[in-house]
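One chain comes next, on its own, written out as structure tokens in the form predicted on its own.
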């Protein structure tokens, strides 16, 4: 699973791969080399909102209190406030943010995906709530809608094209 976390104004990308006996966790912070950890399932337990595990021969007891994306994590006499987005939240946030027809007048991909259908052409007038393209991301088809009445200035992608995150898809007048 993919997560993004933010704490103390620092952003992290976290990949978690669950195996039969352990979790492989890769943490990447801006412009730094990723760090990889392996946490054994034999050294891990949960009770209510408390997690207990052994990591690098040290025992940790962590209390987690959260709601939505905001979590307070308490351990070893200190706490951190952390925002955590899982892959589904990231998709929805990126599509909500990406489909905004704000001052920059463009639709960008919020995450990597494949363009399944382009529903507009250059010069088309679209109304708020009208679909403008369908993109597959994380095995889900996502219809991107116009958030206000506007005119299509340019279409920068084609059906079947694979795009990375933050790629310009459509420009508006």
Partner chain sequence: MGEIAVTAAKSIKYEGAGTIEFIFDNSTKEFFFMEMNTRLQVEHPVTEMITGHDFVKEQIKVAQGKKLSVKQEQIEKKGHSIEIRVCAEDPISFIPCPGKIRRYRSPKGPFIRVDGYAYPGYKIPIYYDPMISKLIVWGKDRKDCLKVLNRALQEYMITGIKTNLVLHRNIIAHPKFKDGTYTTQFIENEFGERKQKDFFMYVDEHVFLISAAITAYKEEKRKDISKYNYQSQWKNTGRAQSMRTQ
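Residue numbers count along the first chain shown, from 1. Model, not experiment: these values are computed from the prediction.
What follows is about the form predicted in complex with its partner chain, which we do not show.
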I'd like to know whether residue 118 contacts its partner chain in the predicted bound form, with contact meaning heavy atoms within 4.5 angstroms. no
When the contact criterion is heavy atoms within 4.5 Å, does residue 122 count as touching its partner chain in the predicted bound form? no
Are any of the heavy atoms in residue 173 no more than 4.5 Å from a heavy atom of its partner chain in the predicted bound form? no
Contact flag, residue 31 vs its partner chain in the predicted bound form, heavy atom cut 4.5 Å: no
Across 40 to 68, which residues bring a heavy atom to within 4.5 Å of its partner chain in the predicted bound form? 44, 46, 48, 49, 50, 51, 53, 55, 56, 60, 61, 62, 63, 64, 65
